[in-house]
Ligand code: DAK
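Just one chain follows, in the form predicted on its own, and it is written as structure tokens.
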């Protein structure tokens, strides 16, 4: 048994280095791959490092077992599938190698010369570097096309962000595979151009320098600056505290020194950092629960200086064209858990952001003022930050909803972007078909954004909200070309409704929790077509049970019901692209939604056990299902939207939405059936 994906089979993963991050990288691999009988081998020449690394990994696995994060069988399975060794010959048979040794170029080159002699020509070789360009690390390899850099973030087994850095010699197929592979195993991979420090470390290390400059300028002491930085930039802990926690001072000093020559003259190693390293001390930072006093004037001065530095650093990288605004926002918000830079600039105003950068650059002249930031400020428009991505793969248009923090939940912004891509697909004669998918390995679309609905106050607003969603999602149905939903994970509520607008649907094999219409849990009925399309696809009885009880079904049930066309073992996106081409070519003719009235509408629906659910809301759901079945699909949708609005006449609607917002999806609302 092995992990097979996109034509590759991975039966063994090797991690070189059992220091600070190697065991955590190994833990992530063994956590997600041991169920496929994939072994992870950690190699280090230092016996002490191996012992500490193994103890660290096993301790985290045991803790996961104690907290319930891992099942008992998984605890034993993970431990039995990881090997710590000093024997480099154990690398033989590895299909993927991640080098996680010290950030030392000669050492890395020496390691890869040794690796290349031991693994097959097909094995992928990566370096978990935080700064070094792949062209420098891999320049002596015989087969350069199978190599690239991967930059994990602390803690590597839990932080989902990962930078993927191909070099000029990296084969595009290698890059594409690694992007999809990491997404499939739960990471958020972001492709970044090859430049010293990549995208994140100039921010992480540059902000430490900016904080030191604030202290040197007398704006505050390290405690005050650390406190203000966390508050102004949305950090859980300030830059000084973060460096203490991660032991990052030595690598930051080295990085700042190299960035001075590689990026721009503002980057440098400040004297305070040099002295700290000489004395082997930590930064003086606020203690747990310690109250830090900072005058409003000082707080404003520190905040504006740090914002100027932050915006200047990220826009300099935008000028270098190593990353997009949308990718950078997502990467920073996940990797460093701070305010995403371009959304942050939009919130303060791009013109104001430009002024802060200009002020900062005048104070510290080596810092360049971004040309793209000036152009954006002059335009008077905010930065474009996309939640939906589009890529043309030969004759197929691929749409990806990417909101991983919200499990790809749809909102008005998502619909606006979706409609723009639908126009592109319609008007491009070279695009024969399309595919829509969600980002990640958990959810296609978790539903509609509840926060938007929770703000509605009256029936007319509810009806208008539903119609907007219906019209936007129906753009997929009216595309004029086949569109296949690659359901990469569960599809709930608006996600299930969006998928039903597609020509066909494919899903991963073996998902126990897959599709459902959970709206009644919130004191609502489906409002994006669920009461109309679901009966047309799976029949009234099954549709009514799903809608009225909110119980989800498995992918196997979805196939049996006819909700999906195939269960896929492997990459659903790859299969969806093939299916879309086959439908466009007339090789496959999927069952389409009936657009007219249905001939077999029952007089009433079978009784179901509602449990705690609202009888008042259930009556509206039944009304929408039965009335809509006798209408054309278009009229049924309008009727559904009207009845959706009527939910706001019920007390249970307010109870359900309030309960969700305050207590979350797992809490059962105490409905009063009115």
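Numbering follows the first chain given and starts at 1. If you're wondering where the values come from, they're calculated on a predicted model, not measured in any experiment.
What comes next is about the form predicted together with 4-(N,N-dimethylamino)cinnamoyl-COA (DAK), which is not displayed.
Checklist line | One stretch from 67-75, 129-137, 391-399, 450-458 that, in the predicted bound form, holds residues within 4.5 Å of 4-(N,N-dimethylamino)cinnamoyl-COA (DAK) by heavy atom | finding: Looking at the partner contacts, the answer comes out as 450-458.
Notebook entry, point to check: Judged by heavy atoms and a 4.5 Å cut-off, are 220, 311 and 363 together in contact with 4-(N,N-dimethylamino)cinnamoyl-COA (DAK) in the predicted bound form?
Noted result: No residue of the spot touches 4-(N,N-dimethylamino)cinnamoyl-COA (DAK) in the predicted bound form.
Item checked: Contact label in the predicted bound form: residue 406 to 4-(N,N-dimethylamino)cinnamoyl-COA (DAK), heavy atom within 4.5 Å -> Because a heavy atom of residue 406 falls inside 4.5 Å of 4-(N,N-dimethylamino)cinnamoyl-COA (DAK) in the predicted bound form, the answer is yes.
Check: Even though 4-(N,N-dimethylamino)cinnamoyl-COA (DAK) is not shown here, does residue 442 get within 4.5 Å of it in the predicted bound form, heavy atoms only?
Finding: Residue 442: yes, in contact with 4-(N,N-dimethylamino)cinnamoyl-COA (DAK) in the predicted bound form.
Note to self: Considering non-hydrogen atoms and a 4.5 Å limit, does 4-(N,N-dimethylamino)cinnamoyl-COA (DAK) approach residue 224 in the predicted bound form?
What the structure shows: Close contact is absent here: in the predicted bound form, residue 224 is far from 4-(N,N-dimethylamino)cinnamoyl-COA (DAK), nothing within 4.5 Å, heavy atoms only.
Notebook entry, point to check: Would residue 469 count as a contact of 4-(N,N-dimethylamino)cinnamoyl-COA (DAK) in the predicted bound form, using a 4.5 angstroms cut-off between non-hydrogen atoms?
Noted result: It does: once 4-(N,N-dimethylamino)cinnamoyl-COA (DAK) is placed as it appears in the predicted bound form, residue 469 has a heavy atom within 4.5 Å of it.
Checklist line | Among the candidates 383, 196, 177, 465, the residue which, in the predicted bound form, approaches 4-(N,N-dimethylamino)cinnamoyl-COA (DAK) to within 4.5 Å (heavy atoms) | finding: For this set of options, the contacting one is 465.
Checklist line | 4-(N,N-dimethylamino)cinnamoyl-COA (DAK): the contacting residue among 490, 344, 152, 84 in the predicted bound form [heavy atom, 4.5 Å] | finding: Contact residue from the list: 490.
Notebook entry, point to check: Out of 650-674, which residues reach within 4.5 Å of 4-(N,N-dimethylamino)cinnamoyl-COA (DAK) in the predicted bound form, heavy atoms considered?
Noted result: The stretch 650-674, when checked against 4-(N,N-dimethylamino)cinnamoyl-COA (DAK) in the predicted bound form, contributes 660, 665, 666 at the 4.5 Å heavy-atom cut-off.
Checklist line | Direction of the Cα shift between residue 386 and residue 465 in the predicted bound form, where the change is 3 Å or more | finding: Pair moves closer in the predicted bound form.
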